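What follows is one chain in structure tokens, specifically the form predicted on its own.
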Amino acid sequence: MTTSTAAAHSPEALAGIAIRLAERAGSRVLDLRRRGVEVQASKSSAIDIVTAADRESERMIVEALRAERPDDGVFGEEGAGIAGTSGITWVIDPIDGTANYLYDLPAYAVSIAATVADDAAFADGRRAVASAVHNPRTGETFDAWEGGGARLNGRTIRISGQAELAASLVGTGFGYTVERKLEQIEMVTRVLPRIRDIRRFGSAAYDLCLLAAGRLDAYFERGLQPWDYAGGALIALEAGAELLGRDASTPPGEPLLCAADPALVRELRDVVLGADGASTPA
């Protein structure tokens, strides 16, 4: 591998691509929102929607990646699936928080992560080495690369460092099927009496970035897909958070993802799972 080729594959260079493409797609998404939202399909349930902007955003990102890095793989929420030969696969959520986008609530984001194979890192068997999450409504761009820290609009960010569960502001999310919502309600019922308060913004990628910036002290959710967490998870990790799965043998991801200060995250997971021995108030 030549010096120039190695530089092009560096996590910092990959993060630069993610930032540029996330901001470009975000600008297009915001422009389309001003014209009105066109719902084109649904996914896990009738209320789990796909908009024309979701598809346009993913198309833009995939086309740009294919032109710039034709040997890389691509995996997108709205159906993009391209095998690569470079060892890098880009995981894309073209609009994370589509319901917020539909209702014009300012908590949605374009998430792009460059990932490599790593069975031990996350439940999907991949690990992000560079990522960007851009909220076009707020103008915030969060980014990180492996070993390089995390940033918000170019300025270094860190988690709050809160280690006391009772004083923690905790983020979470809910799915779109009745069965998943009932599971998540049980978790919230266990957690809420034990914390300062809970927040549900409706975008896992953005939630993880809020954790990274110290605006949330902790975060947990069940049912996340790779495109939901790939970008934000790296940003949270590089900002000092620790991420856990359901147990020691299960990496964070679909079954469960808990994220917080290393001194807090295990206690949070125990409460989420009801493994702390405490009873839920009647």
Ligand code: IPD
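Note that the coordinates shown come from a computational prediction; the quantities given were computed from them, not determined experimentally. In this text, residue numbers run from 1 along the sequence as written.
The same protein also has a form predicted together with the named molecule, omitted here; what follows describes it.
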Partner-free chain; cross-checking the named molecule in the predicted bound form, the single residue of D217, E221, E238, E58 with a heavy atom within 4.5 Å is E221
Of the options G73, G171, G76, G202, which one has a non-hydrogen atom that comes within 4.5 Å of the named molecule in the predicted bound form? G202
186 to 194, 136 to 144, 162 to 170, 87 to 95: which one contacts the named molecule in the predicted bound form at 4.5 Å, heavy atom to heavy atom? 87 to 95
